[in-house]
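One chain comes next, on its own, written out as structure tokens in the form predicted alone.
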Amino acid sequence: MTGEPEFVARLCTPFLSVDRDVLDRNIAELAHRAAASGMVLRPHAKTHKCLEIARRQLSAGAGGLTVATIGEAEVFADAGVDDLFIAYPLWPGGPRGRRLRGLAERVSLRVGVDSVEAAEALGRTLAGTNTRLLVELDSGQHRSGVLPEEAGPVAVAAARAGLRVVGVFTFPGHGYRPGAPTAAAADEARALRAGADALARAGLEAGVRSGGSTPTAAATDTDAVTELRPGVYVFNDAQQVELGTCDWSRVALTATATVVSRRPGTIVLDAGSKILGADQQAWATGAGRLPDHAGARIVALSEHHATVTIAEAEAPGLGETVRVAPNHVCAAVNLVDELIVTAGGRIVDRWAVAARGANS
């Protein structure tokens, strides 16, 4: 890589690094946008799994964190984060139930639910705590969540089980396709309004209407959504660039890889799926992108190698390094123990991926 930062020569590739200045700009910009629109920002920490980044988000005004698992919640709670939302349906059986109750007894906890049976089970597990519950709605991704019009019975079951129902939430995940974010944001708004109406008909309030994702954030209907839960925005990635959510100047995390093999029009890097992650949507133009080589494409990904097609005139030589933006940054971060933090081309810190592997 021409004019590579001095720190690259000090480290063995492949590694993930974060440009702190870009990261902080991403955090500040979305925090400002959410506040200006009257929405609470509750970023999803499953993207970074990192205590230092969580603290930066909270300092910038986030109203709490969203997490994917009880394990992630435990890591952030241990670090002093006291307002957490586990934004997936939970079944609180066996040791999971005991861990969930332990969390509820030491932090302000929100949990998601999308069935009467789970609401009743959560009520038994969390009786006597101040846990708040949100009913999950399916706004078009068709993964989990009830149809918005059917949210009432789930909410009533939770209330009868002694839980405090505070609203509804959804994830417009079907916005992760070219041309889809605006329509997905509209679907999200319709679902949240319909879900809130269903709760009102059941005699319950939906003061919290939570949604959001990184690609749909800019199109959020701020009259329908009171809380925003994006995750990827802190780093951005190749998917977000290809979706048009951001440009390369807003990509804060990249892998650095070395050219280990070369032939005309093709280079092979020492960074494969075990550093970049294996995610590749059908519409993606490759298994990751090289931000400094616009025409290059990763055409094959092995566990430890990436095969890249690149114009011969711009191909780096053997032993040279390149930056690679993973397709899906969340998967890449979960593959490493630490992130190298840089500013001005120098290493300024190393941040542990504290919640790595906290999958249960």
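Note that residue numbering follows the sequence shown and begins at 1. Since this is a predicted model, take the numbers as computed values, not measurements.
Just so it is clear, the following notes concern the form predicted together with another copy of the chain, a form of the same protein that is not shown.
- Proximity of Ser59 to another copy of the chain in the predicted bound form falls outside the 4.5 Å heavy atom cutoff.
- The shortest heavy atom separation between Thr307 and another copy of the chain in the predicted bound form is within 4.5 Å.
- Put simply, Tyr88 is close to another copy of the chain in the predicted bound form: some heavy atom of it is within 4.5 Å.
- Heavy atoms of Thr13 reach within 4.5 Å of another copy of the chain in the predicted bound form, making it an interface residue.
- Residue Arg143 is the only one of Arg143, Arg164, Arg201, Arg160 with a heavy atom lying within 4.5 Å of another copy of the chain in the predicted bound form.
- Contact with another copy of the chain in the predicted bound form, defined as a heavy atom within 4.5 Å, holds for exactly one of Gly80, Gly102, Gly207, Pro95, namely Pro95.
- Only one of 191-199, 222-230, 246-254, 112-120 places residue heavy atoms within 4.5 angstroms of another copy of the chain in the predicted bound form, namely 112-120.
- The partner is not shown here, but in the predicted bound form the stretch 274-293 reaches within 4.5 angstroms of another copy of the chain through a heavy atom at Lys274, Ile275, Ala278, Asp279.
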